[in-house]
Structure formats: structure tokens, C-alpha cells
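Shown here is one chain on its own, the form predicted on its own, set out as C-alpha cells.
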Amino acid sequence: MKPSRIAWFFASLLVACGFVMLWQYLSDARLVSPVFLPGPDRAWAALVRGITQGELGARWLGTIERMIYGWLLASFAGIVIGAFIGSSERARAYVGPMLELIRPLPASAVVPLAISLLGLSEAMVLTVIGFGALWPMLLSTVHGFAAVEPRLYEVSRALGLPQWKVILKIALPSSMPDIVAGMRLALTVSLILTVIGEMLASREGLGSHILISARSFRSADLFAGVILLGVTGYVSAMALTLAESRLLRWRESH
């Protein structure tokens, strides 16, 4: 690890410790009612108790499972469809306006439609996650494939390469930085929509746990769920960063 990265790591650690100390001070001073703002000690105790003695661990795994399934579904569909559109000027001309029309549509707007078609089911939650996470993947892939050097396509045509070889050997490696950026954004969207879907459909997960805790005024359990959501987002982002460093290692030599 480079010295600059070590310095930034310790700086971020100090900021996090300062935030926790401020949180503890606000709780001890009762500037906010303990009913609504428990101290970090109470939140940590609720977290440990929920994992070791309760069902919080199982609900956490349920949230992670839905997030990953929805993200993988959106990633696969986004890469396949985006590769087809991005590698063809004619496809971009025909489909581009429709994509720009649908892209601003928030995933929350399709929730009532998904509920009417699929009910308050697991399939509904995965559908909403996949729909919301699809667009970052799709648009990033289209942009990556469209930005490939045109001379590479000319060389592939001169060599008589079939379309699938052009995509796998030329276009896909060149567009990987855009695709990975889309995957990173789609993963964040997947986690957000997983929590929303669990709240709406009452699925066993952190979303329903947080909602029930809030309605029952169990603030410590609520904050325990929020802490686990933060850990999930942080760990998943770090895992994707590690994968990105390995997949795009060739860029360091350029």
C-alpha cells in the first residue's frame, strides 16, 4: 500500500471516530430524545444481540442475496443489450430515443405496476431491483461500445472477423472501464431498491427490519439495521474495486 493511501486511510478512520464520538455526545447530552437517537453503545449492543440471539443475521443475508441477484440480472441484461446497441450505429439511431425516454423514469414509478402484475412477492422485488439497476449498466455499456476506436472495427472487417469475435476480442475489452463504472453504480442502486422492495413487500430483510423497528420505536434496532446497510454498501464497493483493479490491470501499463 502506498504511503499516500495509508495516510488517507488513517485520515478517514479519524473522521469516522470523530463522528462516533459526536454521536455519543449528542446521545449522552440528550439533545435528541433517546427514543429517536440511541447512542452508538446501544446501537452496537442491539446489533450484537440481533445477530447472536435474534434473526438479524438471517435478514442481513436475505438482503445481500436479493441485492446480488438483482444486480447480476441487471448486469447481464445491460451488457448483452448494450453490446448489441453500442456496436451498431443503426441500432443506436433507432433505439437511442426510446432509451432516453425511459431512462429518467424512476424505479419507484414502476413499483405499482410490478405489484399489480406480480403481487407482493419475491419476484416483484427482484423485478424492481433489476429494472432500476439496468439503466446504469445499459447506458454505460452503450457508451463504452460506441466509444471504441472506429479503426479497430475497420481492421476487424478487413480481417473478416465474425461479429461475435469483434465484440469479445475488440469491443468488450475496450469498453470495460465504462462497463465496470456502470456495475459500480448499479450495485448501489440495487442495494437501495432492495431495501425499498423489502419494506413494501414485507420480505424478510433489513428493509422490513428497519421499518418494523421504526414503527415500534425501537431506535437501537433501527440503527443496528442501518449500520449493517452501511457495512454492506462499503464491503460490496471494496470488493468491486478489487475486481476492477484486477480486470483493468492492463491500463496501468498504458
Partner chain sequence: MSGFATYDARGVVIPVGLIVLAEVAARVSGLQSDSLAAPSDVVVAGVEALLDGSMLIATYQTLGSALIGLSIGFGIGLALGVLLGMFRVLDHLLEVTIEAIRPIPSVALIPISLLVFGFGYRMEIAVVAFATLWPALILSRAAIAGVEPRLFEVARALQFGLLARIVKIVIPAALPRVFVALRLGIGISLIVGVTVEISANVIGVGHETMLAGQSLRPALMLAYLVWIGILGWGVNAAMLLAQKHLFGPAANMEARL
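Residue numbers count along the first chain shown, from 1. All values reported here derive from a predicted model rather than from experimental measurement. So that the term is clear: the rigid core is the largest set of C-alpha atoms that superpose within 1.5 Å between two forms.
The same protein also has a form predicted in complex with its partner chain, omitted here; what follows describes it.
At a distance of at most 4.5 angstroms from its partner chain in the model of the complex, none of the three residues 177, 203 and 242 contributes a non-hydrogen atom.
Taking the partner from elsewhere, residue 167 is found to have every heavy atom lying beyond 4.5 Å of its partner chain in the model of the complex. Its partner chain in the model of the complex is not approached by residue 27, whose heavy atoms all lie more than 4.5 angstroms from it. Within 4.5 Å of some heavy atom of its partner chain in the model of the complex lies at least one heavy atom of residue 13.
When contacts are judged by a 4.5 Å heavy atom cut-off, residue 73 does not count as touching its partner chain in the model of the complex. Using a 4.5 Å cut-off on any heavy atom, the residues of 101-132 that reach its partner chain in the model of the complex are, in sequence order, 101, 103, 104, 105, 106, 108, 109, 110, 111, 112, 113, 115, 116, 117. Core-superposed comparison between this form and the one not shown: the Cα of residue 10 travels 2 Å or more.
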